[in-house]
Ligand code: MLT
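One chain comes next, on its own, written out as structure tokens in the form predicted alone.
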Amino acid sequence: MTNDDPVLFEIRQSHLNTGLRGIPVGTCRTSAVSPDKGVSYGGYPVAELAALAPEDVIHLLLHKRLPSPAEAKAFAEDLRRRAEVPQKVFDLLAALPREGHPMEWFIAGLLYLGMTGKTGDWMEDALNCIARTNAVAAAIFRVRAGWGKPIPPRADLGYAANFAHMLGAPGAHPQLPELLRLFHVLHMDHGGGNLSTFTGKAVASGHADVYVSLAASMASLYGPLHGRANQECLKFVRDVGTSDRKKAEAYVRTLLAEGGKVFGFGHAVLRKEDPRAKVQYAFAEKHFASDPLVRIVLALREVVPPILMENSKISNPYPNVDAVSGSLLHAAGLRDDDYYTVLFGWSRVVGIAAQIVDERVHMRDGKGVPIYRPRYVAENQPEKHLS
């Protein structure tokens, strides 16, 4: 071993069967998560990108730089050109059982997109999938929830505005399009080691196509320990049930004393308040300060951290991105939280697709990352024989 090949991590027996937590397996070109600064995309703090058009941030993740004004216009037009979804995809969605979870519909939708439109080129398929996921995710809301038939996109609207248009959500708040734009940018990527991103890259390492790999990613996101966090946080907010600081504090202390969990606070990497949460809190205070659930969320932001700080074992008592996102979506008129993970997936498809392209096209001087094949150590297995 030379200085040019440093030891990054020493594997010990105690690290086995721990979900690879913290064990380096590769590099990530799209984003990073810093304990002190939070999430950044291509070196830009995500809070600085929060006001941008999603198309500009998609360009950043795919090409590792923000576009010039001319490039931004051309890229947005290219995504619109790619956005047409074959009717048979909508027909297939309409035939799915309503008992299926919205995420199961979303996984099926990604597979249908691949079966009806893949090219075999990693970047082309990534761009097409990103462009077309907009209409598929919106159609899942409309068809499964019984809102009506899918709504065609408009040529004069941008990515997020078109998504809000295609949703056609009954009773939506006027700020829903802006909230969805903000939500999309804040949730696009989160480093390379979360379960859904790792899963997608691992499947793609076997040279499965982008669509199948992203469907596998969404299957990982579907699990309650990963993508459903904002649903759990919304349930927690409802359970607290009051924006009165003293009553909320009493509820949280009782909950912790009884062994319960406080959702929306803490983070595996961050050691300060999540900058994505700060952006959403500001949006909540500006547009939804009178909403009952948002008022509870704002109260919990003040109440919970001091309580958690009393426990020396808690390294991060601060709110994360999920602390407020579910309550904001509810306040904006999307009241069925079973669909919130679909919105998470709608956003995260961008970052995962970009990372898949990186691993297949750019890593190792263009050779790509080899097929994932971690080693499993055999446990003690006494020799046996059939009698």
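Numbers for residues come from their place in the sequence shown, where the first is 1. The structure displayed is predicted, hence computed values, not measured ones. Between two forms, the rigid core is defined as the largest C-alpha subset superposing within 1.5 Å.
Just so you know, the form predicted in complex with the ligand exists too; it's not on screen, but the next bit is about it.
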Just to confirm, with a 4.5 Å cut-off on non-hydrogen atoms, which of Arg238, Arg154, His226, Lys118 contacts the ligand in the model of the complex?
His226
The listed residue (Asn162, Asn194, Gln231, Ser205) that reaches within 4.5 Å of the ligand in the model of the complex by any heavy atom is Asn194
So which stretch, 343-351, 358-366, 23-31, 58-66, is the one near the ligand in the model of the complex (non-hydrogen atoms, 4.5 Å)?
343-351
The ligand is absent from this chain, but in the model of the complex, do His190, His267 and Arg276 each have a non-hydrogen atom within 4.5 Å of it?
yes
Residues in 87-112 close to the ligand in the model of the complex, defined by a heavy atom within 4.5 Å, in order
none
Relative to the superposed rigid core, does Ser220 relocate between the shown form and the other one - that is, does its Cα move 2 Å or more?
no
After superposing the rigid core, is the C-alpha displacement of Asn316 2 Å or more between the shown form and the other one?
yes
